[in-house]
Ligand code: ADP
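A single chain comes next, written as structure tokens; it is the form predicted on its own.
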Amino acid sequence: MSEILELKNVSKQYGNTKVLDNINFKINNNEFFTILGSSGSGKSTIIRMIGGFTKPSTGEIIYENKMINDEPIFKRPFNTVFQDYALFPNMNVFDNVGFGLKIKNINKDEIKKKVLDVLAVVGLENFSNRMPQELSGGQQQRVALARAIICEPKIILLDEPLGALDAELRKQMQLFLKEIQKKIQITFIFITHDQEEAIFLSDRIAVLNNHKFEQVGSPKDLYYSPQTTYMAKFFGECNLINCQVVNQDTNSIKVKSEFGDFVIPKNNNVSHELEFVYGIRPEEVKLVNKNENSMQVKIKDISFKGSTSTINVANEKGDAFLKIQNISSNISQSLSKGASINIEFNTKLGSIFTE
């Protein structure tokens, strides 16, 4: 897959306020690439720099091997979809979608054909005469996307476009966006603060933290192979456990933790007597019968979630806690607060953090 866009050593600050610090990434053609971060992390600033609405303080924005830092907005083959949709309230759906072609002096017959074709793509072919205020939030979002698509940009920039929608409609629009992106085969750069949304939509995700990218990779890479404790906690839920090496052999390492001793596969980052943090996802902690690898804990509380339950447990001292989830509610209903249970980690999917 060929690269279409690169940000190289890009930083942005306003006066003494640092917004982004040495951002680097490459985006492939026809990729759904998501920038994920908390509020105020600089996500929108990246979109605005790519779109040409603001310039980087340092670094290069490279499109198809050409630096475009000084390229004006109208010369960049990108279109932006904002959270507020920015539809013209005095124009109907047809005129809103066709506006970009009209200012390029495309003839009326061609505009009509292209507008109707694009409205069919987004499922609004019967809404061309509606005014924006007569549409639902999801329909307005589709109009904004149709307006972005019609000029056949190389990249569509989506600045939290689903943020104003209610939960159910947001899920519908996530599915719609994913289907549309694959259908029209245009690169999407999407920003959000919602981890589940990023996981569902994206080919790759870049996580912003402290003005920099913490990690870039596929959703599975980020979930199962976090490189830092921040990633482990931010991208999904993760139990972080303080550990110390007890002994090791050719294939495995025995460690001591605040919950008891357990064995992990051999890891080159762990040496004898080294202290480290072990990360394990809540769904990879299993309830088991007592055995040589199990650890005994006490139930702190049980959260019923329909077919499954989440169990929070504490060690014997009551000063360290773990979350266990996706436990069948048929099993959890036989358990009670304060009861002792035995657990075991799926150490094939655990992560080790030495810093």
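Counting begins at 1, following the sequence as shown. In this text, all values refer to a predicted model and were calculated from it rather than measured experimentally.
Here the subject shifts to the form predicted in complex with adenosine-5'-diphosphate, a form of this protein not shown in this document.
Looking at Asn330, you'd find every heavy atom of it more than 4.5 angstroms from adenosine-5'-diphosphate in the predicted bound form. Within 4.5 Å of some heavy atom of adenosine-5'-diphosphate in the predicted bound form lies at least one heavy atom of Gly42. In the predicted bound form, at least one heavy atom of Val19 sits within 4.5 Å of adenosine-5'-diphosphate. Residue contact check for Ser38: one or more of its heavy atoms lie within 4.5 Å of adenosine-5'-diphosphate in the predicted bound form. Checking 24-32, 45-53, 320-328, 288-296 against adenosine-5'-diphosphate in the predicted bound form, the stretch whose residues place heavy atoms within 4.5 Å of it is 45-53.
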